[in-house]
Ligand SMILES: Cc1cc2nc3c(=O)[nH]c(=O)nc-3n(C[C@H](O)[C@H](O)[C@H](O)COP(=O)(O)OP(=O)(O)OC[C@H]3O[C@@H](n4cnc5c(N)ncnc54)[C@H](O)[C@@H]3O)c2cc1C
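Below you will find one chain, with nothing else, as structure tokens; this is the form predicted alone, and questions on how it binds or moves follow later.
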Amino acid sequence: MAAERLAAAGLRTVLIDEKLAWEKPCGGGVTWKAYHRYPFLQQAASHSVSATWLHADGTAPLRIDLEKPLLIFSRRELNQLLLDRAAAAGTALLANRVTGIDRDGPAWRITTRSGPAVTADFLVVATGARNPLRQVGTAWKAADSMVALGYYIPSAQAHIDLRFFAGLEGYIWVFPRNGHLSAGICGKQEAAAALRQRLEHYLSGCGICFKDARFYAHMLPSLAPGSWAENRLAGPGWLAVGDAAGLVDPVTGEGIYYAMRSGDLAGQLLAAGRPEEYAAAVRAEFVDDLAYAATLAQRVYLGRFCGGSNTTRLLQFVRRSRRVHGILQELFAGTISYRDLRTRIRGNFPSTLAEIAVNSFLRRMVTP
């Protein structure tokens, strides 16, 4: 996204990536917020999914038919789409591994695994969560990441599955992608082996065969509340975008929109000669809200309400309350901020409880 903007503005732009288009470990769902802002995504998506099943401890599965469907991409396809757009705008694509960067006066010297060094006036760092260039991008702490692992399974289904567990800050997903299922789990403060065991137990219980399926494991940014204020988004001659800048929703783990949008903002401001405005622009648009979300994540996944886990109560409330159902639709679409979510819940809480009580009573009356 950044390279497309810069090249289209007539600036010499080189995009260096060892793998270029490759299959990444995630669900591959693109929200309405993303494809509404970037309509070319809607034109290129292989398919969309509305039917979503939510599962949690101690309550029946709940089906949600999304009013604003998720577009589903293979990450290889999405990467290739963005690379093709950058190349069409005039970006030079270089398939190589960056092994180091050094600042030599006003210019950067970028060394690669093979071939001559590349010089540049400015760096856009998009190296993901496992950023080997420690002097640029987010400075990680142990509490600022979560593990994601799973399988690419040669199977198909028409819906999305999301499974929540009491006591786990994370969840399981099963997304239908082009030619396979992406079935994975993400979680904080639980060992990778335990997460894998949870996932395999769930898949076996669903009758989804993962034997001989390709396994993956990855690290995702999940910044702790105190880390957002000191998050390193930019510096002299560089700025970071996407996972390298820690720009992932701490509640949902969603990062595609934030990666694309931060790259777009980076390209716009660099092309206009105003890179010093990047950090403030990103913070104003969504970082402040993500920082607030970090304070909610543990409450959402680990908290309890009326004797049950919050995730269990959420499904029960969605089943019985139009208000809560509507808020969940907005969360899936990306059309509500976490601060607005707090305001809505607080403002509607008494009437929502009354609605749930009435609906529960009526359901008992009509159930034989």
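Residue indices: 1-based, along the sequence shown. What you are looking at is a predicted structure, and each value in this text was computed from that prediction instead of being measured.
The next section is about a form of this same protein that is not shown, the form predicted together with this ligand.
Mapping the unseen interface onto this chain, Cys26 counts among the residues with a heavy atom inside 4.5 Å of this ligand in the model of the complex. Interface membership of Ile256, defined by any non-hydrogen atom within 4.5 Å of this ligand in the model of the complex, is confirmed. Although the partner is absent here, Val241 sits close enough that one of its heavy atoms falls within 4.5 Å of this ligand in the model of the complex. Among residues of the shown chain, Tyr278 is not one whose heavy atoms approach this ligand to within 4.5 Å in the model of the complex. Note that among 84-92, 155-163, 243-251, 292-300, the stretch whose heavy atoms approach this ligand to within 4.5 Å in the model of the complex is 243-251. Taking a 4.5 Å heavy atom cutoff to this ligand in the model of the complex, the contact residue among Gly226, Pro132, Gly235, Gly115 is Pro132.
Proximity to this ligand in the model of the complex, taken as a non-hydrogen atom within 4.5 angstroms, holds for one residue of Leu195, Ala126, Leu270, Val136, which is Ala126. No residue of the trio Ala2, Glu77 and Ala266 has any heavy atom within 4.5 Å of this ligand in the model of the complex. Along 165-199, these residues reach a heavy atom to within 4.5 Å of this ligand in the model of the complex: Trp173, Phe175.
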